[in-house]
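Form predicted alone, single chain, as structure tokens, below.
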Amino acid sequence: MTERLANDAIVDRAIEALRRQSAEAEVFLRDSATTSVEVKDGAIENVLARGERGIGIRVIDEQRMGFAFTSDLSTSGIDECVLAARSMSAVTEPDPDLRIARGDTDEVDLGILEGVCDRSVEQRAEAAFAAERAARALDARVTGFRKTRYHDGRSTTILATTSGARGSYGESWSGLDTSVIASDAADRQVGSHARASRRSAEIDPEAIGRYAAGIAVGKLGARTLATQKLPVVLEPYQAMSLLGAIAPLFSAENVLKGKSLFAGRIGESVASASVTIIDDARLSGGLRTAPFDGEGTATRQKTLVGSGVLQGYLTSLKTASRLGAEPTGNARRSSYSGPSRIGPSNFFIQAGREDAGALVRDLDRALRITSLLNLHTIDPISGEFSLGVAGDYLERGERQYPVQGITIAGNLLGLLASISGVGSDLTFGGAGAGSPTLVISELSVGGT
């Protein structure tokens, strides 16, 4: 029987083998377990338990990179992975900006590991059933569900380099999502909602079910609007959807490739003075919080847009070298089986000081958006967009009727510059993005 090595022993074995090869290299280990229970209309449909344990090895030899990964964590499997990564480095093109992290990461409590988070399948299913019951109780027109899912997980990450960097951390998470169907005669609408947290007690199934049901029911009887220009209200979940779509524009990799409209604009105004955008991988209890990134660089808080002015980009070791800047710790890594990619951590628009409800009541007429479609079609270079939306037509903050079959169009820089109100209701979603309510002074709305 093959000996099962402990996680630290696996990393030690790989580092020793790499040093024997006289290779500058990094070893990334991920050991995780996740469980999800899917239900539909009061019955369990699927239970899935998944484990992942393996290492990824990145070698830099004469500025040529090789990468290999394995889930065979026997001594022979580790040695074979080392040799595979080293052989890959012999056939790649040299890159003078490739780097390996140096120095240990700091050990800090970031509130990302729950002490006890084990639940039985029955308890997970009951949380999902509770969301469905709350959705049905909200309105008799809730007729069914596409899917409701409770999921949770726990993982350990270890990263070490032959240059002396080493760090580890554990993390846990829980989440629940549902898609609710509401019907009224031939009119059928869907509303979805999801929440996730580092702490299972913060998942409120009833609130999630009611919110999703409210979206679905609220779409029934929707009309269209005449083509016009209107103030637009983005409540937190819709605002964070937009924020998630523009996050790649802050990637230094996209900037260097000329695929971002923010390229070359540091120090320039790119948004309203009321807008401050922050990326904070040290946010206590944040869903994207971690002490170091996928390359071993210590994470930190970064202000990307301060009072409307572009302050910087998200970088990896390589892109920071190319830009002559400090790495920001944004080389994110979702698995041992692939190298890191630049991405945001806890990425949010800073809360304003104004009550969100008061902001909306001050508008004579407005479109409150409840659904944004085709965010992937935003042009990252020009910033031009035309998005399908559904929502509510408001007068003095009061809902008059739901609307659908309309579009909003414009330019991202123009949209960001037109943000005239930022609420105090900062909310974080399941992907680590966060936003308060935003009021956009005017957008072109296409309808009938």
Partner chain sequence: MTLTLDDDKIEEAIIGVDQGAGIRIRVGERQNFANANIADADDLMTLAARAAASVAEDTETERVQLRPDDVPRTHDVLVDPRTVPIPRKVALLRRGNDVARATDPRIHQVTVYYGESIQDVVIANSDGRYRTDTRVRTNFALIAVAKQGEVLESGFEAIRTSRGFETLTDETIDDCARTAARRATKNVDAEPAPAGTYTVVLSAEAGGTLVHESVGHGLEADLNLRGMSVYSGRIGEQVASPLITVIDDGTDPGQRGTAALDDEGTQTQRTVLIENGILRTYMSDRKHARLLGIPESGNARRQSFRHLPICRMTNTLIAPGESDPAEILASVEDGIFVRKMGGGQVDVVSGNFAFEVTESYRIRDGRLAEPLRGATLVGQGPKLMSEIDMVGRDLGYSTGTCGKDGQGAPVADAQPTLRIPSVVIGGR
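Numbering follows the first chain given and starts at 1. Keep in mind it's a predicted model, so treat the numbers as computed, not measured. Basically, rigid core = biggest C-alpha set you can superpose within 1.5 Å across the two forms.
We do not show the form predicted in complex with its partner chain, though everything after this point is about it.
Here the chain stands alone, but in the model of the complex its contact with its partner chain, taken as any heavy atom within 4.5 Å, falls in 331-339 among 331-339, 353-361, 298-306, 230-238. Proximity of Gly388 to its partner chain in the model of the complex falls within the 4.5 Å heavy atom cutoff. Interface residue remark: Lys259 is counted as part of the site for its partner chain in the model of the complex, having a heavy atom within 4.5 Å. At the 4.5 Å threshold, heavy atoms of Asp392 stay clear of its partner chain in the model of the complex, well away from it. By the criterion of a heavy atom within 4.5 Å, Gln189 is counted among the residues contacting its partner chain in the model of the complex. Proximity of Glu62, Arg198 and Ser424 to its partner chain in the model of the complex is absent: no residue of the three has a non-hydrogen atom within 4.5 angstroms.
Scanning Lys219, Arg99, His193, Arg166 against its partner chain in the model of the complex with a 4.5 Å heavy atom cut-off leaves one residue, Lys219.
Residues from 44-63 that approach its partner chain in the model of the complex with a non-hydrogen atom closer than or equal to 4.5 Å are Ile44, Glu45, Asn46, Val47, Leu48, Ala49, Arg50, Gly51, Glu52, Arg53, in the order they occur in the chain. Shown in the overlay between the shown form and the other one, fitted on the rigid core, is a CA shift at Gly421 smaller than 2 Å. Core-aligned CA deviation for Glu52 between the shown form and the other one: 2 Å or greater. When the rigid core is held fixed, the Cα atom of Ile78 travels 2 angstroms or more between the shown form and the other one.
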